[in-house]
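Just so you know, structure 1 and structure 2 below are the same protein chain in two forms, each on its own as structure tokens.
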Structure 1
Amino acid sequence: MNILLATSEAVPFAKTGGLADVCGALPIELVRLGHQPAIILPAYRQVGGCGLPIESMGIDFIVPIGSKMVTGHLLRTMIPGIQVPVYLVQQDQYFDREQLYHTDGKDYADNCERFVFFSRAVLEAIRLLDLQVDVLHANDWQTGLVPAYLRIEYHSVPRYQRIASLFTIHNISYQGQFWHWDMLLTGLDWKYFNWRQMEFHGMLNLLKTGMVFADSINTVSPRYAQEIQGSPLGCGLEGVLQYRRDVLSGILNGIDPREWDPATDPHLPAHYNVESVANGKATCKAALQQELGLPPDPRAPLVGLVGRLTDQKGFDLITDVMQRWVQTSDVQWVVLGTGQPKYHKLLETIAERFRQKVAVRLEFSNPLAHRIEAGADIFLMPSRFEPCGLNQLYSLRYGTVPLVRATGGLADTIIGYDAQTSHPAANGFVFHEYSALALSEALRQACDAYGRGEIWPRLIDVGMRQDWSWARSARQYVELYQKTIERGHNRGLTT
């Protein structure tokens, strides 16, 4: 199959979150399975820092944006180490900016216009590059117009008639909502601005647009695919998803075992595998404690947290529990990330007062994130909602026991240990109610188990032997692409 992934992010070119990891890793595995993927994304300023050679293709194009015509250019590079072409849409007025979507915490005022242009460019690139495409795989609101243009404007064009579309929702809370007059920018007829298709409470909604016009819809875990069909996790779009539930599915994201492997990780002070995990993690834990100024106590459970410091990630619960536990237990805490200012201030205050128990780094550091995964005993993810989650998968691979709330991909990947049943497939600890009390109780169970030698090694062993690589996920995507092609063919017979 020939698959074109249209995305606003992909590693190593541009990244703000998990979308980039998916679109950078999935094509590599698709090649290994014998398919021909390609990627297309905007030529942001950040792309120039990827360290890869980028060539001009000598191809210009002009597309309508509202009442004006805008020119773009096509560039080309490759994912390193494997033959996956990456096409870059250059339009410096739109994409040569400091950040991808916003500046100083505010979205760019012309975000709708920018991604209307990109979506049109995707469709034009297929013709201009003479691409053979079986599945056009769009991702998140930034490409929500791609399935719509394919169905509405290109449905009778011979090259495009056989193309099927898949739309992946990575996080339904980001919807690309704009005022209704931005409908003019799309160039689509106002008749599509209705409650069944592109309109949402008087606004233009690009995520909804992709969901309505795509042949298939998927999201990044089976549990999340179920959760977003109801309130509140559907964020108002649950009705659309219920209506299209027959074409909705969930596929867990994978991890890149080349980057996340404690046996070869260049960021670690000691390497280890499932056979040598005890000594390797002990060395990594001691080094992490020293690096962050914590007492080198091998008996104290070390709890790690890496990610955005936001309500969604459960930091209201985390800070509540942490403030009580630092006064009554010997547990150590390590926090890495940035986010809402209220959590910056609160965590800094706790760390300043309890320097022997809490280390906080308000930054993003990929090397330190790796060392926390290797050096921590418990990795905490008490999210309000979590479409997939990756850190719990990194933790399993690094022999760090996850403690998660049962939501989204966390519920799909972590089987909770229960002292009463002692489930043989248990690989972590799970709580259900979103409350500080429930989190505190789960943490108490985890710390009790940490002090019992026969339980902890078994949890680590189960987790480290599981396969959460992209190879597994890519096979599921291949099956979904095949179903999408069938749906597209059936749709073509009836239009």
Structure 2
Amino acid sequence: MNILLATSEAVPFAKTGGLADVCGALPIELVRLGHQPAIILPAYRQVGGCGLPIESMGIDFIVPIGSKMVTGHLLRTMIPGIQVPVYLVQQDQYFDREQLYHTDGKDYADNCERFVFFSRAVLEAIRLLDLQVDVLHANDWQTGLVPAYLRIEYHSVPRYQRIASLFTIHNISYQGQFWHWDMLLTGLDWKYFNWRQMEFHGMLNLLKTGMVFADSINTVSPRYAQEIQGSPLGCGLEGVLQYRRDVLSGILNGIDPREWDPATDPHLPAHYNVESVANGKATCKAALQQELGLPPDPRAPLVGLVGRLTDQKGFDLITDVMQRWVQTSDVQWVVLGTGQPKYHKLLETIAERFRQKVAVRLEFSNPLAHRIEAGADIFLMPSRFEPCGLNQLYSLRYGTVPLVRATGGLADTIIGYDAQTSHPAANGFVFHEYSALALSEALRQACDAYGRGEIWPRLIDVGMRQDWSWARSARQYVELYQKTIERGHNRGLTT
């Protein structure tokens, strides 16, 4: 099968979150399964830092954006080590910027225009590059218009009549909502601006657009696929998803074992596998404590957090619990992330006051993220909601015991240890109610179990032996692509 992944992020080119991990890793596994994927994404400034040779294809194109005609240029590179072509859409006014979507905490005012342009470029690239595409796989609101253009504007062009579309929702709370006049930028008829298609409470909604026009929809865990059909996690779009539930499914993300393997990870001071985890982790923990300026106490449980510092990730609970615990326990904390300014301030204040117990790094650092996964004992993810979550999967592989709230992909991947039942498949700690008290209670349970020879090594062992690699998830994507093609044919695609 020929699959074109249209995305606004992909590792190693541009990343702000899990979307980039998915779009960088899935194509590699698809190749291994005998398919022909390609990726198309914007040529952001960050792409230049990927360290790979990027060549111009010598192809310019012009697309209408509202009343303007805008020119773009196609570049090409390859995912290293495997034959996956990566097409980059160059338009420096839109994409040669400091950040991907915002600056100084504010979204770029022309985000709609930027991604109308990119979505149109995706459709044009298929023609200009003479790409064979069976499934056009669009992702998140930035490419929500791709299935719409395919169905509305390109449906009469023979080469496009054979293309089915899949739309993946990585996080339904980011919907790409813009004022109604931006409908003019899309060039689509106002008749589509109605509550069943592109309109949402008077606004243009690009995520909804993707959900409405794609042949199949999926999200990144089975639990999240259920949760978003209801309120509040459907974020207002639950009705659309209930209406389209026959074509909605959930596939867990995987992890890229080449990047996340404690036996080979170049960012770690020591390497280990499931047999040598005890020694390897002890070395990684001591080195991490030293790097962060924390006392090198091997017995103090080290709690790690990596991620966007947002309400979604439960940072209101975390800061609350952390402030109580630093005063009364020997637990050490390390937080790596960037996000909402209120959490930056609060975390900095706590870290300044309790230097011996709390280390905070307000930055994006992939190497440090790896060292935290290896050096921490407990990894905390008390998310309000979590479509899939990757960090708990990295933690399992690195022998770091996840403590999570039972939501979305966290609920699908972590089985909580409970002293009463002592479930043999337990691989972490789980709490349910979104409250500081419930988190605190789960943390107490984890700290009680920590260091207990009959419990802790077993939790680590179960987690490290599990297979959360992309190989598993990619097989499910192949099945979904096949179904998507069938659905396309049922609505009249030609073969």
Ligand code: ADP
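Here the rigid core means the biggest group of C-alpha atoms that line up within 1.5 Å when the two forms are laid on top of each other. Residue positions are counted from 1 along structure 1's sequence. Predicted model, so just to flag it, every value in this text is computed and none were measured.
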Selected structure - criterion: the form predicted in complex with ligand ADP: 2
Core-aligned C-alpha movement of L346 between structure 1 and structure 2 reaching 2 Å: yes
